[in-house]
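Form predicted on its own, single chain, as structure tokens, below.
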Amino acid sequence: MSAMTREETEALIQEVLEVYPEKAKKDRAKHLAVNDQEIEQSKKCITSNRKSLPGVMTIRGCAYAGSKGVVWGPIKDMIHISHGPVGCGQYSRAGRRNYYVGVTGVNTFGTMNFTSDFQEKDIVFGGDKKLDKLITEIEQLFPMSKGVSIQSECPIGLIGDDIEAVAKKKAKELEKPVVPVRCEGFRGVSQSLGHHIANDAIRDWVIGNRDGDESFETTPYDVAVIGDYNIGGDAWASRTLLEEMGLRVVAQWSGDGTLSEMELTPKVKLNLIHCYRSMNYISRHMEEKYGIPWVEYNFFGPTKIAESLLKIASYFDDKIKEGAERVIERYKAEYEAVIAKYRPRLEGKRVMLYVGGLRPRHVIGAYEDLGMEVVGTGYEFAHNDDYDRTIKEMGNATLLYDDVTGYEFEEFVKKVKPDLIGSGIKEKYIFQKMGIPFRQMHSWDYSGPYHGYDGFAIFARDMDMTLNNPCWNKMTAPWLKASQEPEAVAAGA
């Protein structure tokens, strides 16, 4: 189907809304919009960061997921206790492919599950003593850990356990940081508040630990990579480019990150933030307290990589500016070969996205480098400043959808008929059963990296491998098979 006009897109939104009762219809209408590049502030066209409607299928996570699963969990040399019932800890462990270097159980602990395993008696009598004992046992079993974070689950906030008091007591005993994180799942409307709470915990318990320590030798070219979770090795691919242009990456977190790197971040000259949604809070804090500027960058696809390298270089002297130009030129033949190979196979294909964090806007340029068009995008847990950044990346009259429901997403897909969908694991099998090519864009569908020039080659290969797989023409959605069987019988007769 050809590109939709503004009127057609508006009509589609109204058609999809008709199924709802009047109150729900009025609410959901605020979260669905037709993109308009002329708008400077997205709040004029779309509402975000609001509580999901009860009874409507949402794809969001909770505050605990935002803290434990995203910000704190990948810090590899600390042990992160899921304080509460076992389910949250088990569900959140090792799910995002945050690659790291180290020996698991010795000096890295990212794929291990530490839980206080709350039982009924803990709800009745409190879990402070249990938490105290647990931290002591952790120190005995894993003495090389550099610290502990306490990731509180829902019951902790409900019964009022004083995890801050326990943290202070154990930090003094162990002479290691013990960080309490009040990220109970019921807080806020999504995992987004969990990011904010986690950032605040870093601010209050970690980031100033080495203030006044002059033993670390700095250089004029020190930077920190913040908000890259090293999915499939993304941060390593990005770090390669930064170091090749002459910068020194002092800290990289959370993916493959350490407590020491977090503590050293206030000593850098520039903070580079990849996932704005999850880490803008701590970057703003360091700008206010330490005077460190921060800049967003996007390492998806050669066009955005070049823009970002030049933007980063603009904060430094001619040596780094020349280094950026040199890096772009060095990889030119490599990425042009990738485009020459895959663009003829992907040209004109249309994509719909629905992911979290930065991906609904950051990957648009990479698709466009391959001749593809993103015709719909939306976030699970965005704020309006995310949409402010998105409306300039999207074409006019394309779909924007915030906290989209399962019903809405399916109906949009049926009408828009994209050639490819990039979303999460909860949506993957629905659309595959419908015969629509799909990439799991939270963790790269067990592939990656997708960042950097090396990652772009993998990204292009994966999109081609998915979209041009002949299996899609041989599939019929299960709910359509019944209607086709009588026709098949009649044809046979």
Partner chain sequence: MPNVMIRRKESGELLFYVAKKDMEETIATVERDSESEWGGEVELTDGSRWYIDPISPPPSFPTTLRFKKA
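Residue numbers count along the first chain shown, from 1. Predicted model only: the values in this text are computed from it and were never measured.
What comes next is about the form predicted together with its partner chain, which is not displayed.
The single contact residue among Thr58, Ser447, Gln440, Asn49, judged by any heavy atom lying within 4.5 Å of its partner chain in the predicted bound form, is Asn49. Glu288 is the sole member of Asp318, Glu288, Glu120, Glu217 with a non-hydrogen atom lying within 4.5 angstroms of its partner chain in the predicted bound form. Picking from 403-411, 301-309, 205-213, 270-278 the stretch near its partner chain in the predicted bound form, with a 4.5 Å limit on heavy atoms, gives 270-278. Lys26 falls outside the set of residues with a heavy atom inside 4.5 Å of its partner chain in the predicted bound form.
Proximity of Arg284 to its partner chain in the predicted bound form: non-hydrogen atoms within 4.5 Å are present. At a distance threshold of 4.5 angstroms between non-hydrogen atoms, Asp385 is in contact with its partner chain in the predicted bound form. Interface membership of Asn468, defined by any non-hydrogen atom within 4.5 Å of its partner chain in the predicted bound form, is ruled out. In the predicted bound form, its partner chain lies within 4.5 angstroms of at least one heavy atom of each of the following residues of 31-52: Gln41, Lys43, Asn49, in sequence order.
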